[in-house]
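Taken one at a time, structure 1 and structure 2 that follow are two forms of one protein chain, written as structure tokens.
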Structure 1
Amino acid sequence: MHIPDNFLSTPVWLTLDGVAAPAVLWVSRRARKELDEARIPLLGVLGAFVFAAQMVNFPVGVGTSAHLLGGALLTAILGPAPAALAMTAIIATQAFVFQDGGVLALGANVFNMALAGVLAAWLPLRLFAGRRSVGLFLAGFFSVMMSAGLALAELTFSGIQMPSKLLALSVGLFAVGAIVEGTITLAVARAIERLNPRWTGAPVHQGSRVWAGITFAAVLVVVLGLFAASSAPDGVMRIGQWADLHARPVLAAPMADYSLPLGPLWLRRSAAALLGLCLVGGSAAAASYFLLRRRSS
């Protein structure tokens, strides 16, 4: 799900560009350290492979077909940092060459699919290192759930008003898409392993299981939260109002003057929403940082 330009409000795309840019820099430094020099061309070629793979249709019941999205498969093959970088290259190419996804929204799309999506794919692979099939399926499932969920959240925060029924419908569709991606990822990875078991060998034992577990729990909360939000939007709204009510005095307190204008409602809402997003994203990033650092020591 590539968000085009003009769908996100300015604070949303600007913040996500600001978050994604240093994150990509960091990921590329990490990937460079991790990668054997012989695998450098592989990253680009596999990026082209993911593009081409999208031309191959998988039948998924009653006359419909789907195609591989690829984030989880790349993670299983390359490991998290190189996969995130490869996904970034893919998303940027889609935005510039194919006008699929916006340029200002590049940060958002990279954050959703290349950073959060790959992280969500990596965690189950790490946690279910012993049960590869489960790990592969969950990797596909959570990468899509995470990316689509974040995209939906960002659009909502940007003031795109979605009737609650439609919201529920789209989350349902995401879930179906996520199951399909999980199934395709599993089938393709298995087929590749049959050709040559060394090809899908991203080292899955790197990093601490504890941190992986904690981060994975955060991912679960986000995904479950998405389901909750879509099935009971009123509840979420009420939480939002409650937070607004209680957060306002806290924010304004140090400034003595209570009537200090905090800007129009949309600004406050999106600021609060963004803060939440950044907190979730930030803690996920911090967790994965420790997770990965443990591995190199």
Structure 2
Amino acid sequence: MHIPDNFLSTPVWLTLDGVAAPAVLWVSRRARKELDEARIPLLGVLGAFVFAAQMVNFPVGVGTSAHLLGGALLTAILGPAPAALAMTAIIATQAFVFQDGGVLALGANVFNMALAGVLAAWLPLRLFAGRRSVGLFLAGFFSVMMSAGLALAELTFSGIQMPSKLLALSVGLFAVGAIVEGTITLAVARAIERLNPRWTGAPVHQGSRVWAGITFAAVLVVVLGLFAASSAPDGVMRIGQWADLHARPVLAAPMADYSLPLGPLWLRRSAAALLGLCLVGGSAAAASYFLLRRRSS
């Protein structure tokens, strides 16, 4: 789902950079009002879990894979503004540190997944507040379809020619990923609620079991994902292959392709992934702590 550099035309990525920047600033102000200090660790560990889950691609057919976006899960647990803030931290870290998504296309990816995707998740959660399971599934489903639809529109506006059959196939593959996203969102959110039925606004000592459980799950996802993840390209990269597009990063990331120069492949990948967990979790927690300090001052 991450759009790399050289896929979008300059007017498209420049416009979306200009839209995303003030939108993230507004979201940060909203998050400052919604967050409390007791939930900062929860935001950090959930951000790390979503980062880990995004590393694990699963096949959806026709030589294409998909991965969890996680915006719906974050929205269901943290609320829309903190979720958008956490997603922005994840997407920015992926772009600058791991070369996953373009630096110039950062505004597009943030707009698609962190802003519009979170909004698309929040609406069914509100509409089906009395039917939690339905709301959680639809939140995951529509967050993916919204992000995918915007990505397809941006590629089209950038001049990429997509025949109707290719477009229909792409939408179908994204829909398969959206169903998986909805199912995972429902399962994980319910699991967290079972760990602590009062996780919303829970004091620190009541939430510690949740934080420990999510942290363990994030590490487990990274370790298992190194061996089980599909090597097939995701939907956006697959469209790029069909359109004969080639990603051209504008910056050399220190851990491109989630790898460190440490020896065997498994060690390079696992070290980079675990370091990424720390970076994402720390940056999400630090951002929320900074916002709270500004609110208190």
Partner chain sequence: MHHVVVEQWSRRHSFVHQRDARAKLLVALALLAALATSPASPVTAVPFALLVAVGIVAARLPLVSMLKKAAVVLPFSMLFGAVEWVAGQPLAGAALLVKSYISALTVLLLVASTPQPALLRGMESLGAPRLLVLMAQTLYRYLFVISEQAQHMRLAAVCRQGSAHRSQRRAFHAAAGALAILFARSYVRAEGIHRAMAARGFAGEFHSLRPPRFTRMDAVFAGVGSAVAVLAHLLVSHA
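In this text, the rigid core denotes the largest set of C-alpha atoms whose superposition between the two forms falls within 1.5 Å. Just so we're on the same page, residue numbers count up from 1 along structure 1's sequence. All of these numbers come straight from a predicted model, not from anything done at the bench.
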item	value
Structure, 1 versus 2, that is the form predicted in complex with its partner chain	1
Post core alignment: Ala217 C-alpha displaced by 2 Å or more between structure 1 and structure 2	yes
Rigid core superposition, Val27 Cα moves 2 angstroms or more between structure 1 and structure 2	no
Cα displacement of Val56 between structure 1 and structure 2, once the rigid core is superposed (Å)	6.5
